[in-house]
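In structure tokens, one chain follows: the form predicted on its own.
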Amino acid sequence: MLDFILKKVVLILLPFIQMFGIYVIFHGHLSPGGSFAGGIIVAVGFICYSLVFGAEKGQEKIPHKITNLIESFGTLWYGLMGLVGVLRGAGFLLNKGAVAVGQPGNLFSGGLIFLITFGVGLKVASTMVTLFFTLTEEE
């Protein structure tokens, strides 16, 4: 019962941490931050939960199989977004000329950058969670 307050604080803050991480990922092409920073913030939410409630409960929330799938999907998504430029006659991951870019400052003003940061953010978050669980495993 000594960590009752800590558990309650983490449960209250966890949704806000996750939402802020998602915000940083999706607005990375408009403001400082981006997929790496946002992915780390999302991973920190899961890591905090695991540190306070125990690694077993953390792995129940996001099992190793799920993190592997998310890591693979993030990499595949990045590659597919790169091929969009190739399929439209431009270079790999080339935005200009491959897709229409919008008005500067709008959410979809970066062309493919918005979608690329989504995939990289997923990859970074799942990799950090996997790394944390791997390093904390007991033999």
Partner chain sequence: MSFAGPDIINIILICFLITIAIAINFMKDLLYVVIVFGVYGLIMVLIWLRMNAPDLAITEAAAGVATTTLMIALIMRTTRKVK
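The model shown is predicted, which means the values in this text are computed figures rather than measured ones. Residue numbers count along the first chain shown, from 1.
The form predicted in complex with its partner chain exists for this protein as well; it is not shown, and the discussion that follows is about that form.
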> Looking at its partner chain in the model of the complex, is some heavy atom of each of I22, F26 and S109 within 4.5 Å of it?
Replying inline: no
>> Can you work out whether L135 and its partner chain are in contact in the model of the complex, taking contact to mean some heavy atom pair no more than 4.5 Å apart?
In response: yes
>> Would you classify L131 as touching its partner chain in the model of the complex, given a 4.5 Å non-hydrogen atom cut-off?
In response: yes
>> So, G33 and its partner chain: in the model of the complex, are they within 4.5 Å at any heavy atom pair?
In response: yes
> Looking at its partner chain in the model of the complex, which residues in 49 to 82 have at least one heavy atom within 4.5 Å of it?
Replying inline: L51
